[in-house]
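Shown here is one chain on its own, the form predicted on its own, set out as structure tokens.
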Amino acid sequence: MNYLIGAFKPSCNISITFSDGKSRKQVPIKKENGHTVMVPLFQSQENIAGKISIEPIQGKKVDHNGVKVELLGQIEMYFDRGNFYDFTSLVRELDVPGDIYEKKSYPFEFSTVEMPYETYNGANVRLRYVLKVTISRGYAGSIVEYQDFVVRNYSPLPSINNSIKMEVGIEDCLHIEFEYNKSKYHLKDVIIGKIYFLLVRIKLKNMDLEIRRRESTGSGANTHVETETLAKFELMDGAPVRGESIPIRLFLSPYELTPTYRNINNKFSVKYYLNLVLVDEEDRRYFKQQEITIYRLQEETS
């Protein structure tokens, strides 16, 4: 009976290490089982190199039809879970068919890898990068090991960053102007603006500013949109009067934002909006929404 139990255990241990793993910045990602692990952080055009070690379980040998390592960039839709779309796929053959009797190590390198999209875990989609090691075995089934890593890409300061100025109103009842200092913000930025009441003939009791994330997946008739309110910031509590000006100062750093992603590989988009919400004394709600662009600025200390 013990023999049968042992027959289904893997015949070797596979470890994947990065050559600069100890010095490279580590960031957390959540695994499918809900556990959080620390993995190395890369950006596009970097070299990804390291070592793969295969160690047979004591007293066993590993006979195989070849060993390879793949670097994969993959998109998975949650409605089609388990089916990965590979937008990046690179492979290095590490060994020809043969037997492994004792611990064996293989260096590998992928040079200046094009990784145009960032790692993303969303409501209905995820984008991931992995190293996948495969020991090919015909009759016994291949042995596979994965190692995740994270990709983040940085943008320079935009050369043009216009302010947002808008008017909103209900005829003969309410007329307000609002202004945000710019339309593009980095992840650690501050939204500065003001709201000016030109006409107030309805009794407002409060006003909030929300940051909303809208994730669109699929295309055409199969498009699915998920909207999430990430932050709610009270601008005013009580009734404003005509001519009153209310300042806005909203720090983005406390919130878990990503950059704006537009049509990633024709699979998904992530957009951000500032949503102004006014509530009157009869609990009627008035909205005005404005898209903003969020980008990742290179951190000086990284």
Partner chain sequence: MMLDGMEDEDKWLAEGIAGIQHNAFYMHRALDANNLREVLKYSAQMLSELRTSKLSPHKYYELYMRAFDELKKLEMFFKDESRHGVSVVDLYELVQHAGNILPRLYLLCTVGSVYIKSKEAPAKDVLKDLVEMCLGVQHPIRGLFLRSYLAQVSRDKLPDIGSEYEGDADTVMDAVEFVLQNFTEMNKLWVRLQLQGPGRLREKLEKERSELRDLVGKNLHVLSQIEGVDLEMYKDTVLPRVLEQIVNCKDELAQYYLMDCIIQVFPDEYHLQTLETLLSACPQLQPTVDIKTVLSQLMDRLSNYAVSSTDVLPEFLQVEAFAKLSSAIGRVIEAQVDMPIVGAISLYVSLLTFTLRVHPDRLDYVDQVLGACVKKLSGKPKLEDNRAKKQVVALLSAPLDKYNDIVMALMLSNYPRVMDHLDNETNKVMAIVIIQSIMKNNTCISTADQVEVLFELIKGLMKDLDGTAVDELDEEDFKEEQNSVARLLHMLYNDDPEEMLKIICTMKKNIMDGGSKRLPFTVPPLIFSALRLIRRLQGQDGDVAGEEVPATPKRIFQILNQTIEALSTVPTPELALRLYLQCAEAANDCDLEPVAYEFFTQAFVLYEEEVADSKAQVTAIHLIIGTLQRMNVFGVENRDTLTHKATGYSAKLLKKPDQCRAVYACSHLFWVDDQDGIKDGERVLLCLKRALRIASAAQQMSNVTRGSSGPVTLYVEILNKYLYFFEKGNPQITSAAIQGLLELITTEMQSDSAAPNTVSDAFFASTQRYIQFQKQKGGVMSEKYDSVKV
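The shown structure was predicted, so the numbers you read here are calculated from the model rather than taken from an experiment. Numbering follows the first chain given and starts at 1.
Another form exists, predicted in complex with its partner chain; not displayed. Remarks below refer to it.
Contact with its partner chain in the predicted complex, defined as a heavy atom within 4.5 Å, holds for exactly one of T36, S253, Q45, N263, namely S253. Contact with its partner chain in the predicted complex, judged by any heavy atom within 4.5 Å, is made by just one of K103, R81, R201, K232: K232. Remark: of stretches 47-55, 243-251, 61-69, 270-278, the one touching its partner chain in the predicted complex is 243-251 (heavy atom within 4.5 Å). For the chain shown alone, E32 is not a contact residue for its partner chain in the predicted complex, no non-hydrogen atom being within 4.5 angstroms. Contact check for A239: a non-hydrogen atom falls within 4.5 Å of its partner chain in the predicted complex. Contacts between 164-181 and its partner chain, taken as any heavy atom within 4.5 Å in the predicted complex, involve no residue at all.
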